[in-house]
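Let's start with one chain on its own, the form predicted alone, as structure tokens.
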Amino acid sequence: MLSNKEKMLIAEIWESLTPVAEEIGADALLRMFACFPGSKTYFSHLDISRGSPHLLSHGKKIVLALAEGSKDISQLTVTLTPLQIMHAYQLRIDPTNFKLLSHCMLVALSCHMRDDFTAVAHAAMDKYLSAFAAVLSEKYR
């Protein structure tokens, strides 16, 4: 799936992005809400407008989870077990939303990283985000 070189690249990218985790996460969420309005269903009790504390907080949580998972991608299932359980059994999030957010995250990363988001970085990140979404969806089966 991911080569060692790609794993290192992904870990480096997420490590460099943790200082702006709120910004990138919120951007990806806003893109998902705009393009896929049905995804807002799970956030009806929160203020998800641009710049809101709820949006920034959740965006940061997402980016930090992605960064944590990238530290040892071979252990992604173990790392994400608490999130799997929470999203599947407590929040009951439609797993399709993980794929939608992955695509929106790629766009947010491209906008933020600009020229540093090379074709190689894009391909590696796409693989990683797909794996991340698949692992989060495992408890639904």
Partner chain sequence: MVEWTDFERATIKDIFSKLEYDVVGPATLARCLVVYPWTQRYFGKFGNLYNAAAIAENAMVSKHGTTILHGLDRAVKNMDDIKNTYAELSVLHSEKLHVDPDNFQLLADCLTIVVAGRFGNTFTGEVQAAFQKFLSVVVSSLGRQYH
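Residue numbers count along the first chain shown, from 1. Nothing here was measured: the structure is a model prediction, and the numbers come from that model.
As for the form predicted in complex with its partner chain, it is not shown, yet the points below apply to it.
- Shown without its partner, this chain lists Ala34, Met86, Leu46, Val78 as candidates; in the predicted bound form, only Ala34 has a non-hydrogen atom within 4.5 angstroms of its partner chain.
- This chain lacks the partner; the member of Ser74, Thr96, Ser52, Ser110 within 4.5 angstroms of its partner chain in the predicted bound form by a non-hydrogen atom is Ser110.
- You can rule out all but one of 52-60, 65-73, 99-107, 78-86: in the predicted bound form, only 99-107 has residues with a heavy atom within 4.5 Å of its partner chain.
- Heavy atoms of Ala123 reach within 4.5 Å of its partner chain in the predicted bound form, making it an interface residue.
- In the predicted bound form, Thr18 stays away from its partner chain, with no heavy atom inside 4.5 Å.
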